[in-house]
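Shown here is one chain on its own, the form predicted on its own, set out as structure tokens.
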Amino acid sequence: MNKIEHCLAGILLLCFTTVALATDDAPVLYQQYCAACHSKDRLGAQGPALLPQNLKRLRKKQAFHVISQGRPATQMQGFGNKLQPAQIQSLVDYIYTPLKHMPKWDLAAIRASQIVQHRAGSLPDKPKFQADIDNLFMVVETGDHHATLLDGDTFEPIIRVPTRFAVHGGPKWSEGGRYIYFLSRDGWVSKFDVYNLTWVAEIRAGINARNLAVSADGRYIMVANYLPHTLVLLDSANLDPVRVIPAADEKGQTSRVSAVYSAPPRHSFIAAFKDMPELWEISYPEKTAVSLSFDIRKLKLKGILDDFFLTQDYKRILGSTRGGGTQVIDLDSGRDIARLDLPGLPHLSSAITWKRNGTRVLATPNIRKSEIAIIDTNTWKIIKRIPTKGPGFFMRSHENSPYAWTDVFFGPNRDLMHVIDKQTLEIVKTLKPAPGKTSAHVEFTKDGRYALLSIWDMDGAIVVYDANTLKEVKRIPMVKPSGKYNVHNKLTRSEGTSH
């Protein structure tokens, strides 16, 4: 080797050594592999915040496995084929290291973030377009962060608008379809006036948010936050902040809020928590009330609820946890009244109900097991387990439809959609709308005549089916459409869709 070759070899060795050192550096690895989903500052984006406060239930050994192998029932992929064990361990240590300066997000910060484009009452009360408001759909297109307002009679888009980054959870309709509220993963609540086809107000209710709920009378919005550990109450008119409610137990231990839902017949919100075995019912005042009191009733549970289902009469809750176990809680008495043998992780927030043989049954997909469980809600006994081609995420039906539709969202058969006869409890057809592309999230038109299915792909579509013949009617190109939400079905709390 001559002097030049020797010098070049030395330079190359130095370069390779520098690259190796750089890629073993946890912050560099984080930016390369994690920041796109969890944000560059670890505060959460499409994925949750990666901070010690949010990882209380995940041990470091489990975190190592998640980074290496991915996590079922999430979009978290595994990096074991790209990273060495030492690199994965360095990432684990990094995400369990507290931030030097934890950002505060209190009432003052929330109020300062508020943007009001059009104050309540300043816009016309007549729609700018001709369509049946009750049969409108709002379609969330996660691929490029847009939403499309779709006419449910003609299946023609009315308008397509940009949303905040990473809209998370289903947007919620209010006031007869006049308004719809979106929540982004990074805490932005956005109010859209459908009549006037424009955004009217926004506010950042948290740093890393989970979902929101709208009161039955449309006056209040409740936001569930992962970070900070709070529930935030907003006045819906202009999204003015009303109250920040710390998510803490009697000992002062705080928790992420796993979900909040509206319970219209009870005139309340129901909230569950990721890190404490409690369920809260937060009542809101009647329109005629003089005092704005929001009483909180705290129910002690025997286990943490990661996911839950409210029965059609809003009297009972069926809840599950990632650690295993499913419990039934009577909301009036606050008692645990039944336990179910449902292994895996039933996705109860996507469960649906219908009448069969004189009783109401509940059907739930399972994000860890390839089955649909059918449960008698009178006895809380499992009637049947229907084998599927893979674990599922969404299940949907309609009062006027004889069929229930369920995806197999996880696994190699994610391009399939099962159609189940609600009386025989048999799979009558398995559809493959777009080979190789994920099929998910069916929603029906208000009369149940058509079923709309999402192809979750950048080159995706909404596929419209005749809900009785199961024949394709139309295909509407969209950019990774996730959920679609019908005004009538949501506001009437249809038994065939999530609430």
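In this text, residue numbers run from 1 along the sequence as written. Computed from a predicted model, the values in this text were never measured in an experiment.
There is another form of this protein, the form predicted in complex with a small molecule, and it is not shown here; the text below is about that form.
Residues in which of 189-197, 144-152, 168-176, 331-339 have heavy atoms within 4.5 Å of the small molecule in the predicted bound form?
Looking at the other structure, the answer is 168-176.
Can you check whether Y220 is within 4.5 Å of the small molecule in the predicted bound form, heavy atom basis?
Judged by the heavy-atom cut-off of 4.5 Å, Y220 is well away from the small molecule in the predicted bound form.
Flag S498 as yes or no: does it have a non-hydrogen atom within 4.5 angstroms of any non-hydrogen atom of the small molecule in the predicted bound form?
Contact check for S498: yes, within 4.5 Å of the small molecule in the predicted bound form.
Give a yes/no on whether Y261 approaches the small molecule to within 4.5 Å in the predicted bound form, heavy atoms considered.
Within the cut-off, so yes.
Give a yes/no on whether R256 approaches the small molecule to within 4.5 Å in the predicted bound form, heavy atoms considered.
No, R256 stays farther than 4.5 Å from the small molecule in the predicted bound form.
Just to confirm, with a 4.5 Å cut-off on non-hydrogen atoms, which of R414, R396, R204, H229 contacts the small molecule in the predicted bound form?
Flagged contact: R396.
From the list T424, Q130, T359, Q75, which entry has a heavy atom within 4.5 Å of the small molecule in the predicted bound form?
Result of the distance check: Q75.
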